[in-house]
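In structure tokens, the next block holds one chain alone, the form predicted alone.
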Amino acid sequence: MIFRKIKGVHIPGRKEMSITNEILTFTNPEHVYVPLVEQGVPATCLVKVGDKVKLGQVIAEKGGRFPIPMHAPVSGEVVSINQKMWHASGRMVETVVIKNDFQETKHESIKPNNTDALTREQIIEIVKNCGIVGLGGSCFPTYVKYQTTLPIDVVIINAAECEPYITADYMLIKTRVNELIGGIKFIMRATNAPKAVIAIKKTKEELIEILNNHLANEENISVFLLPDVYPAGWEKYIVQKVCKKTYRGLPSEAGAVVNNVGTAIAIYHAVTNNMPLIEKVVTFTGDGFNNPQNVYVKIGTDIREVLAKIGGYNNEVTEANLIAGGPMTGKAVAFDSLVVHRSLGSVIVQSRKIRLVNPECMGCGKCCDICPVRLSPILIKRTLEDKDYELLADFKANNCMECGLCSYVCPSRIELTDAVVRAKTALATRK
């Protein structure tokens, strides 16, 4: 059943600036800083200062309902376990600091698998042990999606990459399509899904041609075209388009499992070689950089080292915002001592534009009309200001997906998304 047709809105992509250059590889930072937090959940450190560690060795484990290990991105010596660095969440977190010995000495667990002999359960266990999480921004442990007991009809690869500026998946499809297809096949085995689709915006003609050429002999994997709207990359949007139905909790309720491009490629390397998630592609873009491009980096890399490799800041841009993540859903960060964590997809430096704010709502209803989950952001904002938490719960602020569309369309430039997120937090802390 489709509860509501999700419309979406076209937003200028600004993607051309970061796809003209090839992916730059920078995998030899002096130190890595592995954050001891993920999805807001603390991780237990399993090493101590002075320990020698190997690349791919488990150094921490995120706890909570869905535990998952965290690995050393380099070989070297642990020199600190409490140094705080800026995180994409917009706050400082403790990190495990490893001084790189530049030897890339791999842990003994990293070795080829006989992939043909692996069972579904073994693939799921490998995905868990290798620390594979959603690389589209959620950081949700991927193995959990595959443990469903519901029948899965289709694996959906989310290649929409619909937020402006971000092009990491674009470049991965362009350069690593065979690894993507290999990863999709492992996901199909892990879920017993008979088919898979790669959902991509119809405007990405170059990538569609690449995919169709490589899928010519693949009977069970195909390309599914999405409209060029935001939030086409939202999980519920894609499931609704592909499956013609939606769900209340998880995509498995609609017979689907959704992963993004980077996750599928990480799964390919995990299943073939037991390679943990210790490296990824991050988009560095915006008019505040001299040479916007995608960079292949170690998890835990201080982005200041990356900036030095790509030519630094554009000095002509004097007032700018540094955003960890996409411009619609990311966080503004005060300082550039930011570290790459497992789900950081982009770092954007863009000119700061003055938004003339009319604090009075015009009553146009645009925020309500555009909301994918049928909320009334302006009423939530007012109810939060009145501290009427019972009514706030009735307005279902917790359903907000934080897409940013309400703030984007508001003619009064009211920061509605921020207000609804604060309402979600207020409700959560009162439980």
Partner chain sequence: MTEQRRFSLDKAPFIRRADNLKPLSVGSTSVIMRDFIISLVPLIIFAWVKNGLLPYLNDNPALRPSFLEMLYPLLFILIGGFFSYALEALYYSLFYKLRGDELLTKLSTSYAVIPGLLLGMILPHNTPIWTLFIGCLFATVIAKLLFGGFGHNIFNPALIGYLFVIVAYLGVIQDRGGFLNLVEVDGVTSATPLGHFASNPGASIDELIAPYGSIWNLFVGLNPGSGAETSALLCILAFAYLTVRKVIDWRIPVVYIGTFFVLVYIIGAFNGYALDLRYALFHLFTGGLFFGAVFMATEPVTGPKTPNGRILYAISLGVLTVLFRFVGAFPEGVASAIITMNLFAILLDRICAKLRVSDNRTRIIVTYAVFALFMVLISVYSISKSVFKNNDKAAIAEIAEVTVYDNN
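Positions refer to the first chain, counted from 1. Please read all numbers here as calculations on a predicted model, not as lab measurements.
The protein also exists as the form predicted together with the partner chain; that form is not presented, and the subsequent description refers to it.
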Residue-level question: is A334 within 4.5 Å of the partner chain in the model of the complex, judged on heavy atoms? yes
Please determine whether E305 contacts the partner chain in the model of the complex, using a 4.5 Å cut-off between heavy atoms. yes
Within a 4.5 Å heavy atom cut-off, is F140 in contact with the partner chain in the model of the complex? no
Is V58 close enough to the partner chain in the model of the complex to count, meaning some heavy atom within 4.5 Å? no
With the partner chain left out of view, choose which of I210, C361, L250, L150 has a non-hydrogen atom within 4.5 angstroms of it in the model of the complex. C361
Listed residue (E319, E219, E108, E121) with a non-hydrogen atom within 4.5 angstroms of the partner chain in the model of the complex: E319
Whether K48, K54 and D101 all lie within 4.5 angstroms of the partner chain in the model of the complex by heavy atom: no
Exactly one stretch in 266-274, 291-299, 123-131, 164-172 has heavy atoms within 4.5 Å of the partner chain in the model of the complex; which is it? 164-172
In sequence order, the residues of 391-408 that place a heavy atom within 4.5 Å of the partner chain in the model of the complex are L391, D394, F395, K396, G404, S407, Y408
